[in-house]
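Next up: just one chain, as structure tokens, the form predicted on its own.
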């Protein structure tokens, strides 16, 4: 397991190095020593963008892993099960009724609506028959689609369609120094989930097992939902909805290393960060010098990976 940790750290370091030097303005290692504007560009744009992609990817992967444990289903993630759309709804509400509100107030309201949307999804799937596990992701897609459609309809009526589209399709091109720091709160929330990793793993075995082991089932579920909502809302407020990271990464890690979250959460975080950063770099190169949003790139890449996972036999069944 240790060698996989080091492989993840090395891969992430290489991708971060590449991210610093990929963009419309050419940068080189030699130029850093001669051109002060190059260092200024890195400090204002390239470094914040790289850090934002790393944090967003890592936290979304962890949020997806926790949600899959709470719902006991491997085919759900916050961005397709209503949580991300709930966060976008909160942003839209505060934009209509308090357009001068601070970004902090937007984050708070987005977290609240994301939590309500998550609770609604959990309440719906709780009533589904356990013998039909594929109903859970289908219901999640329908549920998230309904909320997303409502957000688009209200935005259209309020002439905010272009405004809200920024949060419905994630991208990092607008990330600059001073405009991404909220993501550090998401990183802190994701780090705190590590201390409850064993509890989430036990909840993934069901309510009866959780209760028999002396844990408060509702309390652990509520803690998990609050963490998921906080991470989702902060990500949506800062860079928009980024799909599939919270779906494919936990599945890949679970199939390779099992469901011991205490051991696998660091790998989930590193792989989520690497996948998001690699997709962002690819988005900068596909139509250079123009950019393809990372949400679009991951929409294609994530779908291909997920279909591949569906047709492969897991190592840990």
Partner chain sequence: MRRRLIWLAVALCLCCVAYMTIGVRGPLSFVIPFRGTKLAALILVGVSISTSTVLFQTVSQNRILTPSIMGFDALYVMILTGAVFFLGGMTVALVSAHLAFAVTACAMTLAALLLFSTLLQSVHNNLMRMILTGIVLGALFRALTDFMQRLIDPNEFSVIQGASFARFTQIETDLLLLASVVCGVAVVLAWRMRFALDVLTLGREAAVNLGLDLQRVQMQALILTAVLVAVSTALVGPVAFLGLLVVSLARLATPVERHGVIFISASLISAITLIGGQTVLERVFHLSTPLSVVIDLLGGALFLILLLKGQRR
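Note that the structure is predicted; figures quoted are calculated from it, not measured. Residue numbers count along the first chain shown, from 1.
From this point on, the text means the form predicted in complex with the partner chain, which you will not see here.
> Within 4.5 Å of the partner chain in the predicted complex, do 135, 157 and 311 each have at least one heavy atom?
Yes, all three are in contact.
> Sort through 218-226, 202-210, 146-154, 234-242 and report the only stretch with a non-hydrogen atom within 4.5 Å of the partner chain in the predicted complex.
It is 146-154 that comes within 4.5 Å of the partner.
> Between the options 24, 18, 9, 307, which residue brings a heavy atom to within 4.5 Å of the partner chain in the predicted complex?
Selected residue: 307.
> 108, 139, 119, 185: which sits within 4.5 Å of the partner chain in the predicted complex by any heavy atom?
None of the others qualify; the residue that does is 139.
> Any of the heavy atoms of residue 129 lying within 4.5 Å of the partner chain in the predicted complex?
Although the partner chain is absent here, residue 129 would touch it in the predicted complex, with heavy atoms inside 4.5 Å.
> In the predicted complex, does residue 259 come within 4.5 Å of the partner chain, counting heavy atoms only?
No.
> Could you confirm whether residue 39 comes within 4.5 Å of the partner chain in the predicted complex, counting heavy atoms only?
Answer no; every heavy atom of residue 39 is more than 4.5 Å from the partner chain in the predicted complex.
> Heavy atom to heavy atom, is residue 95 within 4.5 Å of the partner chain in the predicted complex?
Heavy-atom contact with the partner chain at 4.5 Å: absent for residue 95.
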